[in-house]
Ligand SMILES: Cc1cc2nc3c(=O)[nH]c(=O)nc-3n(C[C@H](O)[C@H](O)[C@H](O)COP(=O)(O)OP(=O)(O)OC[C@H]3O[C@@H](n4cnc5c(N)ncnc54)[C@H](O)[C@@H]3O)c2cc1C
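Starting off, we have a lone chain in the form predicted alone, written out as structure tokens.
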């Protein structure tokens, strides 16, 4: 290390970096750290600790995610040299089908780019068999290995601070001292406690339970009943802010977002007419779930996520409220890598260069909470939902730049834009006036007709 001042720690040639967690945030950090170091003429060694095998089906290879990657993120990654191969994308999403109690309509992509991808974070649900497809996480991890990273298939169970580095020990008794340790471990209490030893001021994020289920259907029936459309549900059901059915290969992924989702909430959602009508008649949806889980998501960012030689990124730090966790992982991981390579690895440098990126995400999430409060009001109002549905149906016949409500809903569903940008478009006078006009009209007319 250069310098004797602990507040001026920087990486030198031959520096060792440990990345604990090989999911998107860990892989993105590794990819960018190696890329930046190469540009800077710096030689660093990176070990990625990941106990899971992303080539396995079921829980052994799964990272518990809905698996939607927005078109804006796909484009951004491609400019970074990360181009998703066809065998990672299980289905391209060309439209959204929005369901409310008052009817259904298709929302086409405003820009007609048709580049939204549905992927599996692991190889696929329990029982998946394929020689063609790869998982998204495995693809990213292999990119890092190709750039020179070393994967250690073991679980870290101890992290301790030494006078001149951070000592990492694993379950199988591997141990090594590192100049920098990056935590990309996700959301669980054990890992929180693990990194408090070296990041004493760390305050974990606030979380809530969600639901993900993988429903088996053969490819022909998915083509017939779902096609290349992601079905989203804005139903007046307790605890649920957003529900989605995402076609992928021979499975349909069910995602429920809200507050403290449990088995009763899931059953109530699946029993709704709007959901049952999406499937072939007589389908026993619950019994056709190959996998299901109730993962936690970050709903309020963590605090003090760094110290000298230590930084915490990804879901454990700051994410995007209810949406686009992969995109948030990209943002925080790249910022952390840029800081470590070009500025330094002291807590002071991370606070100066990394923390503002997290602050921006957290502030945007504050706007997102207001948007979801507004959508919650709409979900509970029959009149407002009729007006919204009527407006969207009308907009689908217009040019893309005139589809104001459709565009707002599209970006809210996909996470393609910041909540600040979505909110600015949502309060545009033309959108509000048109929304009110459709709402008032529907108070005196029949329900809008379905478009599918």
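A quick note: this is a predicted structure, and the numbers were derived from the prediction, not measured. Positions refer to the first chain, counted from 1.
We do not show the form predicted in complex with this ligand, though everything after this point is about it.
- For the marked spot (49, 54 and 257), a heavy atom within 4.5 Å of this ligand in the predicted bound form is present in each of the three residues.
- Checking 358, 326, 321, 311 for any heavy atom within 4.5 Å of this ligand in the predicted bound form turns up a single hit: 326.
- Interface residue among 77, 212, 215, 302, judged by heavy atoms within 4.5 Å of this ligand in the predicted bound form: 212.
- Heavy atoms within 4.5 Å of this ligand in the predicted bound form map, among the stretches 361 to 369, 273 to 281, 290 to 298, 233 to 241, onto 290 to 298 alone.
- Residue 229 falls outside the set of residues with a heavy atom inside 4.5 Å of this ligand in the predicted bound form.
- For residue 93, no non-hydrogen atom is located within 4.5 Å of this ligand in the predicted bound form, even though that partner is not displayed.
- A residue is said to contact a partner when one of its heavy atoms sits within 4.5 Å of a partner heavy atom; residue 387 fails this definition for this ligand in the predicted bound form, lying far away.
- In the predicted bound form, this ligand sits within 4.5 Å of a heavy atom of residue 156.
- Taking this ligand as positioned in the predicted bound form, none of the residues of 360 to 376 brings a heavy atom within 4.5 Å of it.
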